[in-house]
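First, one chain by itself in structure tokens, the form predicted alone.
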């Protein structure tokens, strides 16, 4: 095993990590040169920000690793058995079924929906000296994914129910993970039951939309059409309604908060770096929607933002069999923690890692070492299925936002809130209409 902490030290570190997850891990990564072991009795864990080790787990020997029960069971209780919460043959079957619908050519058909949603949202964007843009980005990202999933008008109260459910279930699962000693209390206090009721209500809303769509016999060229029209290779059958619901809940959670976080952090970074903001404006004036999606300056700005503040800042895998990497060997059942946040700021792989510099992602400046140290959407067979969609919506929004509004920093510095995703507590900016 790698060097690390004894059982008692691990217990102390676990309680410390509840209060400061990122800071505690950074301290340990510095102490143990990027990889360390945690001993929690029967549970053996290895945390790493070594890009080679991460690549080994996600790509080279991916068949030996499954997502942990934190994602598949604890989150799956509320979201069902979709791509994010399944493993093994079922996951592979679903991935093969859904993957074609997220090909870049298919996503192209959603650009008009994204642009219309962005324009309508910006028409009512608030201005002033103390605007918290994070809840606005949260609302926008949800509207984009809802409109792309269901290209029909959904009642506002149903949208709000779905949005609240996605936010609250993540907060509860993180609370369970960080405070396992309170799991008995979460059950007897009714908190688990309340979240299960919210899940049932969310599923009911989605099932009603599916039923209405089937009865309409119309085409809407949205993601729901794609899911309903998909057929399994082996038998030519479609997914049943519960499976479609599972996948929609996963798309809502995976394509909602992560995008909101990335956009909020990007606006903060641009507001605090006026030179980079002015450069981006000059390089993106008058672009069409399709040109926005392929624009190097927009894509590089968003990638640099996700390097500094990766929405998926951490993930884990469980070894199905004994394995080894370089001089380390570890037994079946070991949990491998992949610390993307630490890797993205590791001075061994990034020049001036704390500096916001979108130009580092321009093609002329990229090299193989850096691309292997960057995991904004994961890697390997479980690479985020919606990465093309996410980049498209973010580039389309960012181009429109910076040309319609001036954004400036305030005295309030955002604080990171590392839950399932890396949220800011708030992003307070001055917003002026151009």
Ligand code: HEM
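Please read these numbers as outputs of a predicted model, since none were measured by experiment. Residue numbers count along the first chain shown, from 1.
The same protein also has a form predicted in complex with the ligand, omitted here; what follows describes it.
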query: Listed range touching the ligand, judged in the model of the complex by heavy atoms within 4.5 Å, from 233-241, 156-164, 326-334, 310-318; finding: 310-318
query: In the model of the complex, residue 267 touching the ligand (heavy atom, 4.5 Å); finding: no
query: The ligand contact in the model of the complex: residue 385, any heavy atom under 4.5 Å; finding: yes
query: 4.5 Å heavy atom contact, residue 378 and the ligand in the model of the complex; finding: yes
query: Partner proximity in the model of the complex: residue 245 to the ligand, non-hydrogen atom cutoff 4.5 Å; finding: no
query: Contacting member of 38, 373, 390, 398, with respect to the ligand in the model of the complex [4.5 Å, heavy atom]; finding: 390
query: One residue of 292, 75, 137, 251 in contact with the ligand, assessed in the model of the complex (non-hydrogen atom, 4.5 angstroms); finding: 251
query: Residues of stretch 145-163 in contact with the ligand in the model of the complex (4.5 Å, non-hydrogen atom); finding: 145
